[in-house]
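Both blocks below hold the same protein chain, though in two forms, and each is given as structure tokens: structure 1 and structure 2.
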Structure 1
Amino acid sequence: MFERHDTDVLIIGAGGAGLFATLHAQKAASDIKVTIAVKGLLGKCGCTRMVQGGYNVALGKGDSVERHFMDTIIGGKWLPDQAMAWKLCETAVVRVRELENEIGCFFDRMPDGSLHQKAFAGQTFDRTVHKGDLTGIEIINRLMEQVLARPVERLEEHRALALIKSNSGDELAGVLFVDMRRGVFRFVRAKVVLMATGGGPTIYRYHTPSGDKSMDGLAMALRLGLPLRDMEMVQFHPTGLLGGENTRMTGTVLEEGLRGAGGYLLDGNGRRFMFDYDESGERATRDIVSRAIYDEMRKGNTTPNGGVYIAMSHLGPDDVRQRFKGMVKRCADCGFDLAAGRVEVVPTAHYLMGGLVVDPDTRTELRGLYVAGEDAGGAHGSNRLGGNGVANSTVYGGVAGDIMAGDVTGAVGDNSLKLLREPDEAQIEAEIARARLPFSRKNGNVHELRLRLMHMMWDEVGVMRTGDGLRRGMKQLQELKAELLETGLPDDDMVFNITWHDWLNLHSLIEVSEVIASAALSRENSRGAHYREDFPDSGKLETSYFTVARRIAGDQLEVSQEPVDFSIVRPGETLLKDEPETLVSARG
């Protein structure tokens, strides 16, 4: 019924976190077997590859880890786990040197030969390292090459279906996969497992992440009863491309810099509306602009496809073509004229701040399971700074690799993960049955269900939320889930069956959506990315709390609130001494 396979270190996901963990684990102990399993092709899926802006790191010359940390805490509205945020900012310095010096990344330079660091929203210093506006491609290609060149076992187009506990029940024994190409189930036993499937809020009608991401990791953890934090915190990017329901282009990001450079946002009638909402107009922060656009859309002042326009032509089409070459070409390839015309845009779900509860060493509650990257919660609190996403996945991916290798060899830390453990066979069978379910159901339309989920989440659990809406949403999620479980596939061929994987994706997405809606309902204030129209106040900073959700008996979700531990800095305080807090504006 399924194949069995053994390894020492198993890594799920090949984004910044997964690839870095692989390299570090392999380097730390070359005599252990490292296996990386990924839903797509190694290096060619996931969101790290899609990073445009760049990588935040404090490299001196007036900047400091303290400043980066303070920006992260203030950007996250005092919700970040401070130990994690600190480790992120501190380790980013080493990591970026590692990327340049050891991995071979080719970051842009200043005329004097030092790294070029650009400005990015929400930061008091120009600290974003980049390679043009295709930074992610550079990072992932270089990491991919390093992994390809090493004796690492690669399981490509292997989809993780479930985390399998040991038969004693208190450790992880391994992971159940389906080898997508052959349509065969495969149970891989491992001494330690890193989950790095990269979150990714693709549950919204408009979203930016890559198509392979469907929050599988979070759903797998949820089914094991592991705690997820900050799940109400979904970041929306204000300007996603809007090309209608029938194109996969819809939702993809149009660069932030367009607004920064002086682009206009116009409603369906061609009127500039941002100054109705904020005195900075189009240059206001992501959350404000997203909400303003959403508001205009609700008022019906929309473009043919139901969004607003971004217009650049008043800056001179040729200038726009030159300054935003990549964006203009991308739009042109798809039939839009960004330089001289207007392009329809809409806020688009971009990043999930929420994730598993982990410690700064990436360990989880369950022995043998580690989590890094967008799957892990904590580092960003209620809002992630642009440029902190890829820093987070590479920093903690590397940390995970080191820690796991240590735990497996027993060189440091835990000694008892040196042996493979026997799995809970009943759980494997149950998960296989879950995955096979659609083959025993009447043929239905998975795609139509997915659309309904995305519309519903956008309307009820989206940019602006209310208690009533969230409750409506939760009810609909129940219905959608019940319908999905009755929706079958036309054909019982499991070989590279994309529609089957769409079904499995949707199952993960619905399960995690329930958590997002529940956490959003429990937070009765508006913080960072979470906005409640019925509770617009942000709540007291001193008594900040974060939400923790987990599945208890059956499908029941329990959401609790835990106080933020201000272990490094308290609201009202700062780590910055003798320097102005806003270096950038001080410099003009």
Structure 2
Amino acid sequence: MFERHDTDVLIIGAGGAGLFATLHAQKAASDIKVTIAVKGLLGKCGCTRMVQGGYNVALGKGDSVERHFMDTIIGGKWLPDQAMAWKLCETAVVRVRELENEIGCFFDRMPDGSLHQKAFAGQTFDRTVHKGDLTGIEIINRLMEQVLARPVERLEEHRALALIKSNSGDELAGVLFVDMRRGVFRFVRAKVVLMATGGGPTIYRYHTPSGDKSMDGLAMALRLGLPLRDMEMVQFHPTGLLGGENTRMTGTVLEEGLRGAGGYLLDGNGRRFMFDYDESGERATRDIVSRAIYDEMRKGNTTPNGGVYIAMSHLGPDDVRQRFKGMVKRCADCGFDLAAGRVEVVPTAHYLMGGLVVDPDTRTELRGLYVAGEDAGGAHGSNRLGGNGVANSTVYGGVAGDIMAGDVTGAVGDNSLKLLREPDEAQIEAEIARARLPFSRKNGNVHELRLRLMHMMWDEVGVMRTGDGLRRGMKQLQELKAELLETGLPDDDMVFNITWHDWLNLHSLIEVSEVIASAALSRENSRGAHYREDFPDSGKLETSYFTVARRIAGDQLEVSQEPVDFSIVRPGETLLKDEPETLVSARG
């Protein structure tokens, strides 16, 4: 029925978090067996590869870890886990040197040899290190080269289906996969497992990640009853390319550096509108800019395809072509001239701030399971600063690799996980049956169901929300799930059966969408990426809370609220003692 395979350290996902964890685990304990499993091909998938903007790190004169930390906390509207945010900002300084000196990344530099750092919205300092506007490709290519040069076992085109508990039920035994090339199930037993599958909110009409990013990791954790936090916090990047219905380029990010460099947002009539919404104009945080654009769209002040324009020509077309080569070419492919004309844009679902509840060492409540990257919640709170995403993945990927190697070798004492554990065989059989369900159903249209999900989530659980809309969305999600469970496939061949994987993708997306909608309904205020038109007030910062959702019985979801631990700084305070007024009072 299925194959069995053993390893010491199993890493699911090959984005920045997964690859960094692989390198750190192998380096920390060279005698252990490290296996990396990826849904696609190593180095060719994952969201890190798509990063254009850059990597936030406090290196410049006058900048500091404290300043980066305060920007992260304030940008996250005081909801981030402060210990995680501090480790992110502090370790980014070490990690960017590692990327350069050990991994081999080449970032853009100033004439004096120092790293060039550009402006990103929502930050009080220009701290975003980059490689033109193709930063993610540079990082992933160099990480891939390093992984390929080491004795790491690779399981490519292996789709993770389920996290499998041990017989005792209180530990993780391994992961059930399907080998997509051969069409066989494979259970990989491991002493420790890192989940770094990435988020990818492709549940919306406009989205930036590729369509095969389907939040499988979060769905697997949900089925085990593990807690997910901040799941209502879906970040919409304000400027997704809007090329019309007939191109898959629609939704692709035009990165934050365009607005940071001085780009203008114009409505359909050519009027610059952002100062109507925020004194920072186009440099306001992503949530504010996204809502402003969405509001202009609702007013009908739109471009031919229904969005708004971004304009860069006033900065000099030649300069724009030199600084933003990748985006100029991307826009040209869709018939737009970014350097000398105007490009249509729309808010596009970009990043999920929510994720599994983890500690700053990437451990979860289930012994043997670790989480890093977009699968982990806490570091960003209600709003991720542009440039903090790839920093988060590489920082916590490295942390996870070190911690897992220490746990496996016993270097961490009581937290050691030296032995392989026997799996719950009944759970394996149940998960195989769940995955094979569509083969026993009458052939239907999976694609049509996916489109319905995307339009419904955009309309009811999108940029701006209401209680009535969220309840309508939750009802439609239940109907979509019921229809999917009765929708079958045209054939039962499991070898590269793309329609089957579309079905599995949609199943994960609907399950996670239910959590997003439920958490959004429970939060009756507006913070960061979550905006309730029926509850526009942000609530008191001093009593800030985050949502925690988990499945408690069958399909029943429980959403609770837990107070934010202001372990480093409290609202009304700042770590920047030389400031004439605190950033809190200066920015509200």
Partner chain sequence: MREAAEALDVKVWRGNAHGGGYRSYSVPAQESQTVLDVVTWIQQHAEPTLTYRFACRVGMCGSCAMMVNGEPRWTCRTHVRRVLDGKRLEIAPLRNLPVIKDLATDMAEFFDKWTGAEGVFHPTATRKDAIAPISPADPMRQLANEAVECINCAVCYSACDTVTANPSYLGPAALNRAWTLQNDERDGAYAPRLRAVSADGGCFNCHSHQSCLTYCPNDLNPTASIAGLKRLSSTSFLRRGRTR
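For the two forms, the rigid core is made up of the largest set of C-alpha atoms that agree within 1.5 Å on superposition. Residue numbering: structure 1 sequence, from 1. Since the model is a prediction, treat every value here as computed from it, not as a measurement.
**Student:** Give me a 1 or a 2 for the form predicted together with its partner chain.
**Tutor:** That would be structure 1, which is the form predicted together with its partner chain.
**Student:** Can a Cα shift of no less than 2 Å be assigned to residue 227 between structure 1 and structure 2, given superposition on the rigid core?
**Tutor:** Not so; residue 227 is displaced by less than 2 Å.
**Student:** For a quick test of reading the superposition: does residue 170 move by 2 Å or more at the CA between structure 1 and structure 2, rigid core aligned?
**Tutor:** No: residue 170 shifts by under 2 Å between structure 1 and structure 2.
**Student:** With both forms fitted on the core, give yes or no for whether the Cα of residue 279 moves by 2 angstroms or more between structure 1 and structure 2.
**Tutor:** Result for residue 279: yes, a 2 Å-plus shift.
**Student:** Core overlaid, residue 304 C-alpha shift between structure 1 and structure 2, how many Å?
**Tutor:** Rounded to one decimal, the shift is 4.7 Å.
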